[in-house]
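Below you will find one chain, with nothing else, as C-alpha cells; this is the form predicted on its own, and questions on how it binds or moves follow later.
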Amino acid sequence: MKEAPNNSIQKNALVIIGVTGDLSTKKLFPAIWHGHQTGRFEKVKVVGVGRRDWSPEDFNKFAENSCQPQDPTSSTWKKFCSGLTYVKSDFINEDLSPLSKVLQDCKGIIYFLATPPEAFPILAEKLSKIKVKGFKRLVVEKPFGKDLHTAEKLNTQTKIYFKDQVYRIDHYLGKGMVRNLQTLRYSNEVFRNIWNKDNIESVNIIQSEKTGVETRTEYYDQTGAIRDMIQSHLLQLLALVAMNETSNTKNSFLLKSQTLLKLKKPDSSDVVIGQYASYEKDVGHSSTTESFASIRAFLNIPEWKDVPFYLQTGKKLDENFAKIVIKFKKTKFNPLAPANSLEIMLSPEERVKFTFNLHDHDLNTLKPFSMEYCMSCEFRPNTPTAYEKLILDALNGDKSLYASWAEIRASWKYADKLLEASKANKLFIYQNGSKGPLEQVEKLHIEA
C-alpha cells in the first residue's frame, strides 16, 4: 500500500473506499465541497482510497474536476484541498490497517463504501480492525443486495463487524422535499384530512433520466431499472406517502416497513418493461435488462383500498426529473371540473404545486389554476444537498433519514415478486429521447 501523507489534523474523517468512481465524481465530492463552503464540512478530513497510482496533486485535480470550483486559486479551495488525503490500495486484496496512520489524529470515522455490494462484508471486516479514538460508522450504498436472499446475507455479514453502526444510504431520503413530505401532509389540515381513499384517485411517483448507462454498464446490466430505482428510491417514496402519521423516528422506520409489507402481490398485468434503442450498443452485447419500468401497485390497507400507486422510471427519456403527483377525485358538485392535483417536485428543483379550479369569466368556463412554492429557489445556495445532509447525519450519529434494515427487507420482498411477474412480459424497445413505451403503458391502464 502506498499512501500520500497529509499533515492536516481534523476532528473527524470521512473515508471513501472506491473513491475514483462515478459516485465520488457526480455526488460525493460536489456535496463535500458545498458543505465546506458553507462551513458544515470545514473540520472534516476527507480520505480517498483507490487503486489508481495517484499523487496528492493528482487527487486534488480529481477533486477539482468533480467540484468545478469557480476559482481553483482561491484560499477557500486551497483550504479544502489541504483536508484531502489519498491512499493507494487494492482494498479488496490488501490489508487496510495502514489507514490507521492517516487516521490517527481523527476522533471519529465514517467509512463510506462506494463499491459493489459484494465487497461490503470483506471491507467491513478489514475496516473494523482499524483502531480509532472515537466512533466508527459504516455507510453503504444501494443496491443492498440483488434480491432478498443476498440482502439478508449482506446484512448479517456487515452487522458482525459494525453492529448497529451500519448506515444504509438512500440519497432520495436526503432530498429537501422528501424530508418535508411528512410536514406537508400532517402539518396542514387541508391535506391531513383528505389523505385517503375517499379523496385521492391515484398516486404517481415518476423518475425520468435523459442519460443512459454511460460508465455504469457492467453494474446496470446486472441490475436493471426495477432493482436500481424501484426497489430503493421509489418504494421509499411510496412508503412515505402512504404510511400512518407519527412524530417518532423509530415508529417511522416501523411504519414504513409495515406499509411496504402491505403491498399486494403484483402480476404481469401490473408491469411494463422496456429498453432504450441503443442500450445493447452501449453495453456491448445483447441484453434483456430493462432500462424502463412502469408498475401499478395496490396496498392492503383500508385507508388506501383500491387506490393505485403508479411507479415509473427510465433511462434515455426526454426529460430529467423526479416527482410525486397526488391526483384527487373529481368533485361531485361539478363532475366536469378537472380534478385537483398536488405535484411534489423532487428534482431538478424542489417545489410544490397545487392545482385547483376557478371560474374564468371571460371564457365563461371552469379553468384550472395553480399555487406554487419553490423551496430550492428560496433557500439556495445554503440548502444542503442530499448527500451532504446524509453524510452530516452519519457524522452526528443520526439515522433518521437512512433506510432501516426492516424497510430494505420489506422492499426486497416486493421487488422479488415484481421481478418474477415481469419475466412473463415482453421487453418493449423505445426510442432514445422519447417518453418510453407509453402506448404499452396506456394499454395496461398504467398512468405515465
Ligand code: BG6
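We number the residues from 1 along the sequence you see. In this text, all values refer to a predicted model and were calculated from it rather than measured experimentally.
The same protein also exists as the form predicted in complex with the ligand; that form is not shown, yet it is the one meant from here on.
query: Since exactly one of Lys146, Lys256, Lys142, Arg296 fits, which has a heavy atom within 4.5 Å of the ligand in the predicted complex?
result: Looking at Lys146, Lys256, Lys142, Arg296 one by one, just Lys142 meets the 4.5 Å heavy-atom criterion.
field: Position in contact with the ligand when the complex is considered in the predicted complex, options Lys316, Lys175, Lys136, Arg168, heavy atoms within 4.5 Å
entry: That would be Lys175.
- request: Give a yes or no for Lys327: in the predicted complex, does one of its heavy atoms lie within 4.5 Å of a heavy atom belonging to the ligand?
  value: No, Lys327 sits far enough from the ligand in the predicted complex that none of its heavy atoms falls within 4.5 Å.
- request: Decide whether Lys27 counts as a contact residue for the ligand in the predicted complex under a heavy atom distance cut-off of 4.5 Å.
  value: Close contact exists here: in the predicted complex, Lys27 approaches the ligand to within 4.5 Å, heavy atoms only.
task: Give a yes/no on whether Tyr219 approaches the ligand to within 4.5 Å in the predicted complex, heavy atoms considered.
output: Yes.
- request: Tell me, yes or no, whether Asn155 is in contact with the ligand in the predicted complex, where a contact means a heavy atom of each within 4.5 Å.
  value: Asn155: no, not in contact with the ligand in the predicted complex.
query: Heavy atoms within 4.5 Å of the ligand in the predicted complex: which of the stretches 363-371, 203-211, 264-272, 111-119 has them?
result: Only one stretch qualifies here: 203-211.
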